[in-house]
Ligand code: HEM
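Consider the single chain below, provided in structure tokens and representing the form predicted on its own.
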């Protein structure tokens, strides 16, 4: 619990600073124009740097994690996703991880109950919360696309119509808002309640969760309770896209809190565990084909290394193999 106190205080302070600065010091240009541009540069630059750094790292061995039948004889059916044998099967495996979290769905946990009894259970609630969080976050981000262009695209309008199909509030309640808040709350509570997870959790694990929760809460607050001038907000976003430094008037200080928290999260993103968004595609345990028996892979760290065939190996150690009663191909 102590590890979560400092990240929570930091998030509260980060939300407090822009509100005071804009409301009482008139620093809207700083938080509405300068900081967003800095955040975009840091995010893109940091993201590219991390991906390029991973791409330049040599992978000397084929190390895909497998839990299925490898491709071997024609009459043995291979598991094409759990043990991919070519590029397309490995691509399908990566996409299944990205879109559906297959490994997390299959994840199990072990606990001791009533003494030395080891019980196994599933992590389906964690899988469901993770899936709900990521997909709802994607929909929320796509919905915000309407603020960056003059004419709203058809797919954004369709997303909004489907997302607000309940139509029980004014403005319409978005289902993804509820799901996102519920999923993040579940992930935070899980880190507090699960003893094993709490022991291994660091402040860096709590900070992004609190940041996302704060961003979502401020966004919901602006939409349903404290109204802001949406047209002025859209004018600001369109101006930023077109590198127009004009700052529209009439934007409430609460919006600058929302925008500043998003900018801080964007700058923090490339240098944190959130970078798994790009790292999942670079992981050799996922993106490599399990074809070591079918194809010889040269170690990039030592490409000139010599190797021997089994026949050469047996020629050298045949007599010793016979004395040890080991089978040999040539008598």
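All values derive from a computational prediction rather than experimental measurement. Residue numbers count along the first chain shown, from 1.
The same protein also exists as the form predicted in complex with the named molecule; that form is not shown, yet it is the one meant from here on.
Engineer: What stretch, of 78-86, 255-263, 191-199, 97-105, brings heavy atoms to within 4.5 Å of the named molecule in the model of the complex?
Structural biologist: Of the options given, it is 255-263.
Engineer: Does the 4.5 Å heavy atom contact test between residue 233 and the named molecule in the model of the complex come out positive?
Structural biologist: Flag for residue 233 set to yes.
Engineer: Give a yes or no for residue 131: in the model of the complex, does one of its heavy atoms lie within 4.5 Å of a heavy atom belonging to the named molecule?
Structural biologist: Output for residue 131 is no: heavy atoms all beyond 4.5 Å of the named molecule.
Engineer: Does the named molecule get within 4.5 angstroms of any non-hydrogen atom of residue 141 in the model of the complex?
Structural biologist: Although the named molecule is absent here, residue 141 would touch it in the model of the complex, with heavy atoms inside 4.5 Å.
Engineer: Do residue 222 and the named molecule come within 4.5 Å of each other in the model of the complex, heavy atoms counted?
Structural biologist: Because a heavy atom of residue 222 falls inside 4.5 Å of the named molecule in the model of the complex, the answer is yes.
Engineer: Would you say all of 127, 183 and 275 touch the named molecule in the model of the complex, counting a heavy atom within 4.5 Å as a touch?
Structural biologist: Per the other structure, none of 127, 183 and 275 touch the named molecule.
Engineer: Which pick from 165, 155, 148, 120 sits with a heavy atom within 4.5 Å of the named molecule in the model of the complex?
Structural biologist: Going through each option in turn, the one that passes is 148.
Engineer: Between 209, 90, 159, 215, only one gets a heavy atom within 4.5 angstroms of the named molecule in the model of the complex; which residue is that?
Structural biologist: Exactly one listed residue reaches within 4.5 Å, namely 215.
Engineer: Under the 4.5 Å heavy atom criterion, name the residues of 159-194 that approach the named molecule in the model of the complex, in sequence order.
Structural biologist: The stretch touches the partner through 174, 177, 180.
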